[in-house]
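Encoded as structure tokens, the following chain is the form predicted on its own, with no partner shown.
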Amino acid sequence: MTRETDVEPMQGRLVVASNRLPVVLDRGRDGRWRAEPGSGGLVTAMRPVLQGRGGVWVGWPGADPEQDGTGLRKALDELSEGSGYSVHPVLLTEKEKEDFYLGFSNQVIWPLFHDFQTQCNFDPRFWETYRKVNRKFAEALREVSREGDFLWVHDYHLMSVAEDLHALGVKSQTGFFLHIPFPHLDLFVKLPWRFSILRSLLSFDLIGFQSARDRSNFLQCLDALLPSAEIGGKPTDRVRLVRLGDRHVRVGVFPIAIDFEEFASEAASSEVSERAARLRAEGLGRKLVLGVDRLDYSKGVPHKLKGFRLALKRYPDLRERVTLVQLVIPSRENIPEYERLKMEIERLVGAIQGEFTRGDWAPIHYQYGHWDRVELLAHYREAAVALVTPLKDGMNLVAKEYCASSLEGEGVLILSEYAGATAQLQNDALLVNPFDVEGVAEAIHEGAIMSREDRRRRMGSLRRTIQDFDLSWWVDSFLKAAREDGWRDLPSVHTFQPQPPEGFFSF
């Protein structure tokens, strides 16, 4: 389990703000709200920190304020009892949810920051609502915070919160972490509100990015669009200093991690072991190639399927010897582009099945939905190859989860050059350009026939890296960077960016 952080960036509490609270709300048949603990990387990272030191989590509970807000707050309070921290809801109207979350967050920032500018809808009302909702979050933070607290704001939904906090007279120290990529200047300038976003981000005291590439893109945008900003330090520094007027802002690189020990321990449980054994028996000795992706155009699932189809065409020895198990997790189903993407994936799966199915062997086992924890870990354990090939990703924790769960140490990780995880894992993964269908096909074949010795060497090294730079390291390094006396002692970014292979484009 994650150890409690021993870094003390402030004397007060830690107050976390994110788009969603770390809970799942459900309204029963009796009309009463019930709250259960949520899951996900951010929840896994921050919950033990708050439990250890006390604090508050501010976020949207996923419910309409007109639906018995009093009962909702009572359910949240009951969940907080004994947890060591409290949760504070920010209630959004249906229109605010539509324009802030589905609008500006997911039809402007998400596609633009993932290099899909043609998917953007720069509707001015989205920006107006985004600013309004960020103000709501700032007001909630002012309500719950007190002197000495550290306010840690997360992700692209809340980039303007610190500016609003200053306007409200809040003096607490603030930090911001961007979980998705930050775009290159050529993309960022397409954003009509680019100057406002940059100035809002510079209202935080500390800004964290997933990779040196993301921070470099941000600093390049500052240099071009806000030339009065002075940028200090070297590209290899873990934290660099930006001065704009009387503002001094630290800008750092902090690749998010997983709880390695928790994943390894759960993967070794009897329940997961039994399910893994059944998967092995069901596979009839065939090798399992695994894909786990949320339904999103940034994940590149159609590109992956085309690479797998070419691998079967080009390398007949793979037929009836490997099976691709592809889980696609529902996401943003009320956005038309996502429904079209789902239809494209299903069309490709059907075409590949029709072309290659023989006897009792089908080349793909496709599922649209969710797996429980046991099912996911069992597939991680049994997969001979993990195919993690996003077109663009801030980090991609599936790659790290797969390695932590690969207890036998013989799995092969095929990883996109455009995943943030590549900076740490590039030396021992098989790197691919997901747009290069031939390269993906070749990597699938190489992974499937790789010697046991090479598999064990690569996976052993991957697991050590992920274990050394685990979830506690991520939290500790960010909080240490927030300290006036701690940020200069952080190691260089080269600590986790090994020498890239020949021909690889370094980020």
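Remember, it's a predicted structure, so these values are computed and weren't measured experimentally. A residue's number is simply how far along the shown sequence it sits, counting from 1.
Beyond what is shown, the protein has a form predicted in complex with a small molecule; the following relates to that form.
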property: Candidate stretches 342 to 350, 391 to 399, 224 to 232, 138 to 146 - the one whose heavy atoms come within 4.5 Å of the small molecule in the predicted complex; result: 391 to 399
property: Contact check for Ile256, Val292 and Leu376 against the small molecule in the predicted complex, heavy atom at 4.5 Å; result: yes
property: 4.5 angstroms heavy atom contact with the small molecule in the predicted complex for Gln210; result: yes
property: Exercise: Leu327 in contact with the small molecule in the predicted complex, heavy atom 4.5 Å; result: yes
property: Close approach of Asp360 to the small molecule in the predicted complex, 4.5 Å, heavy atom; result: no
property: Proximity of Arg215 to the small molecule in the predicted complex, heavy atoms at 4.5 Å; result: no
property: Proximity to the small molecule in the predicted complex, single hit among Phe182, Tyr380, Trp152, Tyr130 (heavy atom within 4.5 Å); result: Tyr380
property: One residue of Asp372, Asp317, Glu408, Glu81 in contact with the small molecule, assessed in the predicted complex (non-hydrogen atom, 4.5 angstroms); result: Asp372
